[in-house]
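This document opens with one chain alone, in structure tokens, the form predicted on its own.
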């Protein structure tokens, strides 16, 4: 079982010293119920000296699914092999991956919903019985064979829970959904990440950044990295509120975290369609983006923030959305 892992996967045995992710479950802020369940799940397996059950984490991008996978690895004291569903397009690729595992390893598959259904079926006996069932040969010469696998743990992550088949979902012992962070929790996350970058932020400055991160730690980390560069180059290395506000303005992030593309999208609905409703295909043409980009990237957080709603007739600005974009336009005039 020591074969080299397939291309596109990584075996991680060293700590990521420069990452902003928490390394321990007690450092994981936000989604407390999920963190508590993971802590109990891992501790119980360790006390029974049994393999950790399979885990499925789902929710919008950037909320900590990958971080939790690495925390599970650290807490359980295991090695982790990382890949994505997109890289497992054929049964032979998944078979090679499974055969590369060692006893107690964690296999983390990000965007697990992207695994094709015929490849996914190979996972069923692997997850349930730790066996790899294969057909060898072609035509009349083909024969079935079964390979014993080491006991491993699959941690799957997905942004599209509904795209997973029922047979796959049923093979996970722990299924948990991550939600956008409350402001207070995200402020703590910003402070934690800032310290890892060697920056001491007072509570009000951390909150200022958190308010613009849409409840998403990944976005907060991106904003912090940008602000570190901006403060260094344009503010004499001094972290203060005016410097942070100017740095955020420089990349077009407004007071509620919208970027220029978000605002342009809302402006199109207001200026060209009187606030809606308008079909998504028309919006895609006006914005110069694909429909899938609008539906999967732009709209989710606008809807979550209460700025946009989808109706049977099309997209409409909410009262809150109208007020915000009008406020922005008045400030520009």
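Numbering follows the first chain given and starts at 1. Bear in mind that the values here come from a model prediction, so they are computed numbers and not experimental data.
Below, we refer to the form predicted together with a small molecule, which is not included among the displayed structures.
Candidate stretches 163-171, 114-122, 248-256, 217-225, one within 4.5 Å of the small molecule in the predicted bound form by heavy atom: In short, 217-225.
Touches the small molecule in the predicted bound form: residue 321 (any heavy atom, 4.5 Å): Residue 321: no, not in contact with the small molecule in the predicted bound form.
Residue contact check: residue 309 to the small molecule in the predicted bound form, 4.5 Å heavy atom: Flag for residue 309 set to no.
Non-hydrogen atom contact residue 189 with the small molecule in the predicted bound form at 4.5 angstroms: Residue 189: yes, in contact with the small molecule in the predicted bound form.
Contact label in the predicted bound form: residue 64 to the small molecule, heavy atom within 4.5 Å: Judged by the heavy-atom cut-off of 4.5 Å, residue 64 is in contact with the small molecule in the predicted bound form.
Candidate spot 22, 29 and 181, all three touching the small molecule in the predicted bound form (heavy atom, 4.5 Å): Heavy-atom distance to the small molecule in the predicted bound form: all three under 4.5 Å.
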